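First comes one chain, alone, set out as structure tokens in the form predicted on its own.
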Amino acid sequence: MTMLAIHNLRAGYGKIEVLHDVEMKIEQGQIVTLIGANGAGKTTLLKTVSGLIRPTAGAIEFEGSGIARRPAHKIVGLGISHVPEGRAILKRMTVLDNLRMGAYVRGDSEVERDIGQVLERFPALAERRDQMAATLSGGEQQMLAIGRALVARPRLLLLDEPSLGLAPKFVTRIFLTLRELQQEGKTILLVEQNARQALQVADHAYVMERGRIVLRGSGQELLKMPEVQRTYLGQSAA
């Protein structure tokens, strides 16, 4: 089943158009990776899907329904959570209060249970549940940002540069978490500067240049493409 379909999408900031006729499709249960240079439009695409930027043209369909004109909080309620670049945690609040903020669109009685599951997934957060988020390491803050998104019970998780600036042990943990979430049924759209690891976990992948999709295929197919190896993996195109 197609979970997310993007057709002829255009979006940007004011009169500056960043995305140009973007086409993308994500099937349920997939990890889909989007790679590209800084400024290619990857973050703009995620912000447009999550409702933070209003598209100027095109369509975004989530589970068959158009969402291109819906406000961000409504999109979260539909089942899409966005972990932004830089994490955007609330540093003057505790770990627990940050996690509870992930449930702001929910009105059910299972929020505390879901928070408990996040703390089981990330034991470092459980140990620091009453600490201010500002006191966490970069890797722990990234875990908190992912955990907060999970408390919203998303079916589609948007992740923007989750490994950026992290120590190797945290990078490994983040990518293991992505695999675990996929096994649990989550669908993931991943923007990631670590192109090699991102393509290794991807069922399908896209390359964006100057706001356009220029290459697509399975993660393994893109890993073998000379132009990807040369531009994004630091290999010669021999």
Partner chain sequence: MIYQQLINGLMLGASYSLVAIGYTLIFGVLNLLYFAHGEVFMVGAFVGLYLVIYAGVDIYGALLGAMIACGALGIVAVFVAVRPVSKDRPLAPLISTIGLTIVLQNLAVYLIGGRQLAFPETIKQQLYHFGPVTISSVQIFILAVAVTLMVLLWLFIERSKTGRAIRATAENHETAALLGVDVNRVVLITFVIGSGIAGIAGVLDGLKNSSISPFMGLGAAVKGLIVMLLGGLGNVPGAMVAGLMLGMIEILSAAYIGTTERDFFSFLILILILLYKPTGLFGTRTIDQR
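Positions refer to the first chain, counted from 1. Everything numeric here is computed off the predicted structure, so don't read it as measured data.
This next part talks about the form predicted together with the partner chain, which is not shown.
The partner chain in the model of the complex is not approached by P162, whose heavy atoms all lie more than 4.5 angstroms from it. The partner chain in the model of the complex comes within 4.5 Å of no heavy atom belonging to R129. Using a 4.5 angstroms limit between non-hydrogen atoms, S50 touches the partner chain in the model of the complex. Taking non-hydrogen atoms only, I89 approaches the partner chain to within 4.5 angstroms in the model of the complex. Out of the listed residues L166, L136, V76, L119, V76 is the one that sits within 4.5 Å of the partner chain in the model of the complex by at least one heavy atom. Comparing 50 to 58, 172 to 180, 185 to 193, 200 to 208 against the partner chain in the model of the complex, the single stretch with non-hydrogen atoms within 4.5 angstroms of it is 50 to 58. Taking the partner chain as positioned in the model of the complex, the residues of 96 to 111 that bring a heavy atom within 4.5 Å of it are, in sequence order, D97, R100, M101, G102, A103, Y104, V105, R106.
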